[in-house]
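In the block that follows, a single chain appears as structure tokens, in the form predicted on its own.
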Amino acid sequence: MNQKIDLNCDLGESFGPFKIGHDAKIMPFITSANIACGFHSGDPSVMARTVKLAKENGVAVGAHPGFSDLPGFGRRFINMSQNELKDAIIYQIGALEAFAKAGKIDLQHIKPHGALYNAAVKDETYAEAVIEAIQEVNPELILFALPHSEMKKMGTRAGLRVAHEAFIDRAYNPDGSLVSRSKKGAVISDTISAVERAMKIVKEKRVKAIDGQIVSFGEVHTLCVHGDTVNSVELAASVKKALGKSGCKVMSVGFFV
């Protein structure tokens, strides 16, 4: 298999005295880091440290903007106008872009977080806010999106570079959306299962939905493992090893999208 694939992770989600995830341990096994921008999690010092960690490990960095929802970790939907949301996203991109500039590293991509990501999958207003924010800040930034989502379709039509994303530690609905975390089986933490899913996604471009139906992806550019998944380090390390053994070239998505 002579295929290129990116392995991304949501990081920089600690804030103040609260530690979330295993950023330093997982960084050697990923190629793109989605860094929280202070709205759903993260703070200025955490952002600076995470950018530094990424640079030291040769990992590309991207902004991970979300709803302003620290208590709910950005996983609760907030009703916002398109312009209001666009401005909030620009604010967050700008914050991380400043830390990237200070750390002498370029921003590679944008990946919405949690409830914002899920809203932009189906709602054109939310997808358009994300797309407009990227266009106004830097249209060369890559947008991470589910393959069949409104965000992907609209981003492609707008001329953005779009990386098709699949999740190895989350269950899917038959329509290709992610199963709500409130439902049993939504998070997949078993390493063997996660590796099998990753390889099926890459080799066969499909995965089994939570009800047993098959979800077809088409081309996938980047695989996500969540930094706050219990055994995220083991998952990332195992998936990267399996991809390498199969002949995949694991590299930052900016090199091939």
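Residue numbers run from 1 along the displayed sequence. Everything numeric here is computed off the predicted structure, so don't read it as measured data.
Another form, the form predicted in complex with another copy of the chain, is not on view; read the next lines as being about it.
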Task: Contact check for C37, G94 and E97 against another copy of the chain in the predicted bound form, heavy atom at 4.5 Å - done: yes
Task: Listed residue (I90, V121, L160, V179) with a non-hydrogen atom within 4.5 angstroms of another copy of the chain in the predicted bound form - done: I90
TODO: Counting non-hydrogen atoms within 4.5 angstroms of another copy of the chain in the predicted bound form, say which of V220, A209, L53, L70 makes the cut.
DONE: L70
Task: Proximity to another copy of the chain in the predicted bound form (heavy atom, within 4.5 Å), stretch among 27-35, 196-204, 43-51, 211-219 - done: 43-51
Task: Any non-hydrogen atom of K153 within 4.5 angstroms of another copy of the chain in the predicted bound form - done: no
- [ ] Mark V187 yes when one of its heavy atoms lies within 4.5 Å of a heavy atom of another copy of the chain in the predicted bound form, and no otherwise.
- [x] no
Open item on the list: If we define contact as a non-hydrogen atom of the residue within 4.5 angstroms of the partner, is E13 a contact of another copy of the chain in the predicted bound form?
Closed with: yes
Task: is_contact(K183, another copy of the chain) in the predicted bound form, heavy atom dist at most 4.5 Å - done: no
- [ ] At a 4.5 angstroms cut-off on non-hydrogen atoms, which residues of 56-85 are near another copy of the chain in the predicted bound form? List them in order.
- [x] L70, P71, F73, R76, F77, I78, N79, M80, N83, E84
